[in-house]
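Consider the single chain below, provided in structure tokens and representing the form predicted on its own.
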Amino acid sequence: MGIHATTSLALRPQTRALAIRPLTPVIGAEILDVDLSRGVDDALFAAIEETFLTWQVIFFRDQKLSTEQHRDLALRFGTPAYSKKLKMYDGYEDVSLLENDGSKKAIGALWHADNTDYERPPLGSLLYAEIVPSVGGDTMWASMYAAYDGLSEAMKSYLSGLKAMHDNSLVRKLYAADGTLRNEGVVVDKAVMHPVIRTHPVTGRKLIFVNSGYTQSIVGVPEVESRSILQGLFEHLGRPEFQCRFRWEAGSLAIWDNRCTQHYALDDYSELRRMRRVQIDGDAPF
């Protein structure tokens, strides 16, 4: 996975030093030697949050988390969100089930940020693997900080004042036939408008905030220009230099910042893959 040598992250005095293993120079890190089932005190959470903000997606292996422990950790980041698309996990309104044996189209098999069709898209998600296939089923993440930094100064300037429309029409069409989503058929919510270039509310860094799953058009430009801009951005943000790839194992936990990343769940497996996810409520992009 292109993992670098183990490093130690020295943090604020109130936090713990964590052993981390970066996956790439720009995104993704495994946090080592932490057993989340033993509880997360303030110092440990501060260290985890700092690593999360720095690396944008973080990973833990060999965890044995109950649903309640999963939810408790999510509460540290904010308010768990109700998913209007995915099915509930064991009756929990704020925990979603992602289960597939390869007989259905894999949820998330395109580059996207989650639910940018919301006026307040999720802050992030915590995804825990219960059962994984022996081969395949990896997930990739891409840094929208790195994608923004990789633009020319002229393109940054051009995009900075633009807004884009997002809706869930493509997602509904992709998954309507196989019963994966909570609602049957194609149900399109109203479109929402977000800036093409977003500022992260905590780090203050700028990033690209359009994605092929939900972004439909650029506001205030001709249709042909809109399509050209979006297609160019979609191709740009998919560059390998902006990405990391994670090989799931049973007991793995991924926590990603949905404000500054996109992800792609590979649809290349034919054995059972069962996961549970808790999303965290976010804020309106600016």
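None of the values given here were measured: they were computed from a predicted structure. The first residue of the sequence shown is number 1, and the count goes up from there.
Here the subject shifts to the form predicted together with a small molecule, a form of this protein not shown in this document.
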{"item": "Interface stretch in the predicted complex with the small molecule - options 145 to 153, 89 to 97, 105 to 113, 70 to 78, non-hydrogen atom within 4.5 Å", "value": "105 to 113"}
{"item": "Complete contact of 164, 194 and 259 with the small molecule in the predicted complex (any heavy atom, 4.5 Å)", "value": "no"}
{"item": "Residue (of 168, 211, 139, 83) lying close to the small molecule in the predicted complex, criterion heavy atoms within 4.5 Å", "value": "139"}
{"item": "Contacting member of 127, 207, 132, 123, with respect to the small molecule in the predicted complex [4.5 Å, heavy atom]", "value": "127"}
{"item": "Any non-hydrogen atom of residue 20 within 4.5 angstroms of the small molecule in the predicted complex", "value": "no"}
